[in-house]
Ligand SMILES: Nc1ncnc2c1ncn2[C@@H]1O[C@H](COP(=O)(O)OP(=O)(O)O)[C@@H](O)[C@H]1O
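Taking the form predicted on its own, here's one chain by itself in structure tokens.
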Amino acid sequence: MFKWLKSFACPKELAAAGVLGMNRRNFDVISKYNKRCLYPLVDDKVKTKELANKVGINTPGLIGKIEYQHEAKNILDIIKGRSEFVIKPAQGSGGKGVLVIKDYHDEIFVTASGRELSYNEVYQHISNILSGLYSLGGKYDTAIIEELVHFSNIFKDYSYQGVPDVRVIVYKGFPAMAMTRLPTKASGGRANLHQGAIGVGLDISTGKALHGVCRDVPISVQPDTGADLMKIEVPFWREHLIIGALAYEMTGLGYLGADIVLDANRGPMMLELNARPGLAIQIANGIGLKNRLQEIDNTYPSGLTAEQRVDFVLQKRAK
């Protein structure tokens, strides 16, 4: 499937095959359908969570937030009575600055990888978040503390330590392409492809695996567990797609990426949204995105609800 991408000798051939490049994505899609005034709705995870709650999208619960340096010392009060949680920057990107705590006792914090952190180390991490170390553009940020997702056992053989997710590309409210992102030992338990996670393209009509890729190399077996990636079939698939479709109404963004996790108890949950989703999803799917967006432009109906748009996609792609 990576050979599929490398088989094109020049940019003209890539374009002819329907591969959407960075420049075309920025100028033909994002600049047309994503007003910059709407970016804060997805760049700030607190605002995103608040909006999601208003429209009924399931998200991890917000435990608390820290906005100023002098409030960093309040972390012990915020997490009182809890043994697990996640600390992340409100305006972070690429998984940077996300600290997953799986256990907490006697002022010792245990991360998802089993590393033990002291109060001072966690305090410093929060301070770094507030100073903008992990935020978009290095701006002063807010540290948010939210509930830990207990991901479904359906992914336990496909993921290393971290939380796997599903990325759905949504265009004009219609789910256009999807993949699951699976943490590996090399990625440090994070689900970001550029850090070494696995991307598995998913059939948009079924949620079943199509192709796998890791660091731009085809892959069919999880290197840390030996599991067959081609046996992946995401349950509650329609519910995943509905979350992505609802995100369109929620934000007004014509082109977005919805990152969704499957909690063992609460089902599909929206983790975050992205107004500039990357294009590696094309490699994972072994197909270009440009033609699919054009098909939505030219042949998909308007005036449908989120659920109707999802059902239209499921029926059309199943044919």
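In this text, residue numbers run from 1 along the sequence as written. Quantities reported herein were computed from a predicted structural model and do not represent experimental measurements.
From this point on, the text means the form predicted together with the ligand, which you will not see here.
Can you work out whether the ligand is within 4.5 angstroms of a heavy atom in all three of 45, 163 and 271 in the predicted complex?
Yes.
Looking in the predicted complex, any heavy atom of residue 94 within 4.5 Å of the ligand?
Residue 94 belongs to the contact set for the ligand.
Non-hydrogen atom contact residue 151 with the ligand in the predicted complex at 4.5 angstroms:
Yes, residue 151 is a contact residue.
Examine residue 146 and determine whether its closest non-hydrogen atom to the ligand in the predicted complex is within 4.5 angstroms.
Yes, contact at 4.5 Å.
How about residue 88 - does it come within 4.5 Å of the ligand in the predicted complex, if we only consider non-hydrogen atoms?
Answer yes; at least one heavy atom of residue 88 falls within 4.5 Å of the ligand in the predicted complex.
Specify the contacting stretch among 223 to 231, 117 to 125, 94 to 102, 237 to 245, defined as having any heavy atom within 4.5 Å of the ligand in the predicted complex.
Selected range: 94 to 102.
Please tell me which of 60, 267, 64, 254 lies within 4.5 Å of the ligand in the predicted complex, judged by heavy atoms.
Answer to the contact question: 60.
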